[in-house]
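There is one chain below, alone, in structure tokens, taken in the form predicted on its own.
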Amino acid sequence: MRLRVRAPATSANLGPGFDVFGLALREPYDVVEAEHIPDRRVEIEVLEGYRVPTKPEENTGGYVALRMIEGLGLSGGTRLRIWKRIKPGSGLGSSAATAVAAAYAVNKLFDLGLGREELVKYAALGELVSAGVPHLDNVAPAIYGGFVIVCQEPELRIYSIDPPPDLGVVVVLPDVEKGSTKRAREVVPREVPLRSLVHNVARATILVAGMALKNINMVKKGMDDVVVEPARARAGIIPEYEEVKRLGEELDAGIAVSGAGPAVICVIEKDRRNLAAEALERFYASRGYGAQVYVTEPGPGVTEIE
């Protein structure tokens, strides 16, 4: 048996929602083809796109497939062929997309009947390979689609909300290397002032209410973080952070670092996306950065394709 799946890029945090908020994007996305093989092992081949490890233990999708095969006592293994279109280390959930595609494919190939929450748990194991922590804020939206809230304590709860229908997204990926996601997590403060906590709780609440009420202006206002993003900017991980936030205010858009960066996500009305894309591209060019720009919108989770 053979199947092909499409796994979306995702944007985690959206400002104040560190390790809690995530949004699936319609573009870019990875494609992974999975095939059942008789031996209990995992083979990986990268056919197109960015280079990623082909050793199963070092590849987020390969690691997930191995853990599922071993942990569930499956008879046989899988061969994964990857079209890697989401740049690793971009802040767009590249590692999560591969992990999610593998979890989804193994579930289908072996007719396991796992629900979405179980798939999230398995896919999160892939983040151990890339980040050292099985965080869920990328894998959850890559499975559920749309906007998700992840609560892990005292037990896992995932809440899915359809974003406002006219919510548009522009993602700008400046041509810089941020280093590893693990490094980006290491610079996050372990303690924060009470004033900063109150600010972030208020903004996170506004963002969630905006998603639920289909109010884009509330979503924009909620995308403001005074804890994680500034710390990463001070560590040199997010270039031109203060200036791009000011540009967001001028554009009447919500601006946040996408995941651990360096990508930046801009939330704006769909009919104003091209205006924002051009302004952001000009901004980074004026600072000497090349950039990839994606004019997109919220999208579905992992799906099987022909």
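Residue indices: 1-based, along the sequence shown. Quantities reported herein were computed from a predicted structural model and do not represent experimental measurements.
Omitted from view is the form predicted together with ligand HSE, to which the following refers.
Undergrad: Looking at heavy atoms inside 4.5 Å, which stretch does ligand HSE contact in the predicted bound form, given the options 253-261, 269-277, 66-74, 236-244?
TA: Only one stretch qualifies here: 253-261.
Undergrad: Do Y284 and ligand HSE share at least one heavy atom pair within 4.5 Å in the predicted bound form?
TA: Residue-level check for Y284: no, no contact with ligand HSE.
Undergrad: Within 4.5 Å, heavy atoms only: does K84 come near ligand HSE in the predicted bound form?
TA: Answer no; every heavy atom of K84 is more than 4.5 Å from ligand HSE in the predicted bound form.
Undergrad: Hey, in the predicted bound form, does A24 get a heavy atom within 4.5 angstroms of ligand HSE?
TA: Answer no; every heavy atom of A24 is more than 4.5 Å from ligand HSE in the predicted bound form.
Undergrad: Report whether the minimum heavy atom distance between R185 and ligand HSE in the predicted bound form is within 4.5 Å.
TA: Taking the distances in the predicted bound form, the answer for R185 is yes, it comes within 4.5 Å of ligand HSE.
Undergrad: If the criterion is a non-hydrogen atom within 4.5 angstroms, does every one of A12, D19 and R232 touch ligand HSE in the predicted bound form?
TA: The answer is yes; A12, D19 and R232 each reach ligand HSE.
Undergrad: Quick one: which residues from 133-148 get a non-hydrogen atom within 4.5 Å of ligand HSE in the predicted bound form?
TA: The stretch 133-148, when checked against ligand HSE in the predicted bound form, contributes H135, D137, N138 at the 4.5 Å heavy-atom cut-off.
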